[in-house]
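Taking the form predicted on its own, here's one chain by itself in structure tokens.
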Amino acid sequence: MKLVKQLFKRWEFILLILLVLEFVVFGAANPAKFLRPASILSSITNYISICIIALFVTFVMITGGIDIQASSIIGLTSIIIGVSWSDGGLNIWVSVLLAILAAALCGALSGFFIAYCGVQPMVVTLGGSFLYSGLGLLISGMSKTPAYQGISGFPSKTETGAFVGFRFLGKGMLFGFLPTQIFIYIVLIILCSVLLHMTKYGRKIFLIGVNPQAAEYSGINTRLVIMSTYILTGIGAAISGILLTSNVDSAKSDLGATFTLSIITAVVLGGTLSTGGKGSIIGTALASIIICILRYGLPLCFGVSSQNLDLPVGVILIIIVVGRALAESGKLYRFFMPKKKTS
């Protein structure tokens, strides 16, 4: 009984229950179409860029910050790859490394203003979203290909039709059934979990979120740590941009432009406090998958239009936030496990 009580106090356990309920409800509504492993994996793959960035934004929000510029860095990363490869003549992998470096510098610039200049994270990252979107448009203007078409034709297939090279990152399959993007996502979950929950760096992030002054007095270079979280988010956005470009075979400056709200929603649903000091990588990953399955199951099983999918996501956000508060207070456990009446 004590173990059950402890489980209900864990937000990750509540998220796991919600994920199972999604499969039960959607599976019962339309088992023939919904319960297809290939279709489920494909739906997750289509949402994977948001899932990946949400992992790294978790670091930022635990420190008490916020990052709404990541979606702009996706487009910037994509167009840097396309222009440097197509018009600059660089090797595709050199272009990828160049894009990652540029994204890291974008994160470092915003992180510097936040950590060392004391500017509000919302203001800096809002400005950053416009700045990096503008840079993406500027770079796209250097290409011979019209911006609206996107740069395509990346090295892709062998004579047998198998995806190789750069396109393998977005379209390849491992072990005959696992999309490469999902494998990369699993690896990133493990790496981020170890970094946040099992290292001194992770403990510093949590302490800064709880009490930045105490962290500073204890000898932690809080400004450097805060700046590093924005660099990590920039790198995460670069990874998402690379995978998205590889998947759709098109480099555009506006790729990922609509991802911001979905990213923040996934992090908040995962249990990260907007005020900082609390959060988990597993929680963010589970919340991302919950949103992904919701967006996949509603149109397929209940005919909900894709334009109306934000409404149920907003409803579930409110329900989950309220449920999280109840779970942490122990009221959810007492609701499901009422005390026995004494005679």
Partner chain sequence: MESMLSVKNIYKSFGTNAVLKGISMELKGGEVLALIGGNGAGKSTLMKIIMGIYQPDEGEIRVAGEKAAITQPSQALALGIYMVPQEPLLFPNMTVEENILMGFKESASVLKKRLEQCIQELGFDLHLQRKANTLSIAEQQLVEILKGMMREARILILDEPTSALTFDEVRSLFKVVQDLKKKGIALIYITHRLGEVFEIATHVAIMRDGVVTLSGPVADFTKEMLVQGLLPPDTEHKDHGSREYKAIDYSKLKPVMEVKDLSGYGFSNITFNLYPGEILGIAGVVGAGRTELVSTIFGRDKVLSGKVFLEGKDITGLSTKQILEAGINYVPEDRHYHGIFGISSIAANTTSALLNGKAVGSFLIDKKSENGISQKYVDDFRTKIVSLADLMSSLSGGNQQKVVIGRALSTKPKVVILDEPTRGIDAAARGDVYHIIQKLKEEGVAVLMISSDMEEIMGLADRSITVYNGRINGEFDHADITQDALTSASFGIVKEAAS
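Residue numbers count along the first chain shown, from 1. Computed from a prediction, not measured in an experiment: that's the story for all the values here.
Quick note: we don't show the form predicted together with its partner chain, though the next part is all about it.
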For the chain seen here without its partner, which of 178-186, 244-252, 85-93, 193-201 has a heavy atom within 4.5 Å of its partner chain in the model of the complex? 193-201
Select from the listed residues 273, 227, 173, 100 the one whose heavy atoms reach within 4.5 Å of its partner chain in the model of the complex. 273
Contact label in the model of the complex: residue 213 to its partner chain, heavy atom within 4.5 Å: yes
May I ask you to check whether residue 277 falls inside a 4.5 Å heavy atom distance of its partner chain in the model of the complex? yes
Taking its partner chain as it sits in the model of the complex, is residue 207 in contact with it (heavy atom to heavy atom, 4.5 Å or less)? yes
So, residue 158 and its partner chain: in the model of the complex, are they within 4.5 Å at any heavy atom pair? no
Which residues within 218-252 place at least one heavy atom within 4.5 Å of its partner chain in the model of the complex? 218, 219, 220
